[in-house]
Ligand code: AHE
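Heads up, the chain below is alone and in the form predicted on its own; it's given as structure tokens.
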């Protein structure tokens, strides 16, 4: 079939809107009509050429929502008409990782997904006979796409596509880092570094978990109002802090008779390795946990003095908020529908496919929290 897509022809170049060929679903695969897709920093990271695993030409996009329009042989959990969210982190429920219940990092299709291919080692996308790569197993910058059944979550059919597409990455990553990875307790103190789309969802995850003190850290003062909308209690702009930021934050969080400062939980949502160190060192001595969410550039490394870890701080990473896609994503959609979490204010711009490059410009200019393309 023919479908319209925004194609990344080469690193650093604007996406080109064109008609592409899409082969139907093979064994264990489903064909989706994508109704809406968010534009995420990870898409921009790959498009910029900074992603060492980036492949071109490709159809980017991994934050979508849509409808199943066809299923291949052997598909049992989905049918035509189901409303779904594509999953860049699948859940096969059979591989050692899934069976361990210790991680959400399913390995069933990892090798081929990283090569921009379907599990059988081929691509469903082409143009003029030339292969186009899939992206993160999703390619939601195409009006239609094909995914493995294990990489699709069936969700509430009443939920609006232009809002729940954000659950395909940003919402789940932020809230999941709090609920699944950190397992934040009621009454905790927390610091969130970077108040973009992920950081704001960390904040609302902290509010949901019952954290008392939620400090947001960002160099853009406009983010103060945003953070407060979602539950932030204190705001710090590092540019306005005299002296060492870590000492300032530790001092802010002092409590108890011994007056030892530091947050119970800190979260890096920036991808900046210097900030990752600051986040760890702002965590409480003895039990503080620091969660790395942001993706650093190729070849970058994190560092700290071993004493920071010897004295009881823990450094953790999280991918997709530790969520098991087919199990947890439908629950988060339900939380949205029940009013437990808020998404609507974060969708700051709604665009057509022809306007998709504008979405990247808005991101670069710091003007958007999330731009969504509606097909």
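None of the values given here were measured: they were computed from a predicted structure. Residue numbers count along the first chain shown, from 1.
If you look for the form predicted in complex with this ligand, you will not find it shown, but the lines that follow are about it.
Undergrad: For the spot marked by 42, 52 and 110, is every residue within 4.5 Å of this ligand in the model of the complex through some heavy atom?
TA: Every listed residue reaches this ligand in the model of the complex, so yes.
Undergrad: Among 178, 136, 263, 85, which has any heavy atom within 4.5 Å of this ligand in the model of the complex?
TA: Of the listed residues, the single hit is 136.
Undergrad: Which pick from 35, 313, 62, 326 sits with a heavy atom within 4.5 Å of this ligand in the model of the complex?
TA: Contact residue from the list: 62.
Undergrad: Where, among 345-353, 331-339, 304-312, 52-60, do residues come within 4.5 Å of this ligand in the model of the complex by heavy atom distance?
TA: Result of the contact check: 52-60.
Undergrad: Is it the case that residue 295, even though its partner is missing from this view, gets within 4.5 Å of this ligand in the model of the complex, heavy atoms only?
TA: Yes, contact at 4.5 Å.
Undergrad: Does residue 67 reach this ligand in the model of the complex, with heavy atoms at most 4.5 Å apart?
TA: Because no heavy atom of residue 67 falls inside 4.5 Å of this ligand in the model of the complex, the answer is no.
Undergrad: Do residue 169 and this ligand come within 4.5 Å of each other in the model of the complex, heavy atoms counted?
TA: Residue 169 belongs to the contact set for this ligand.
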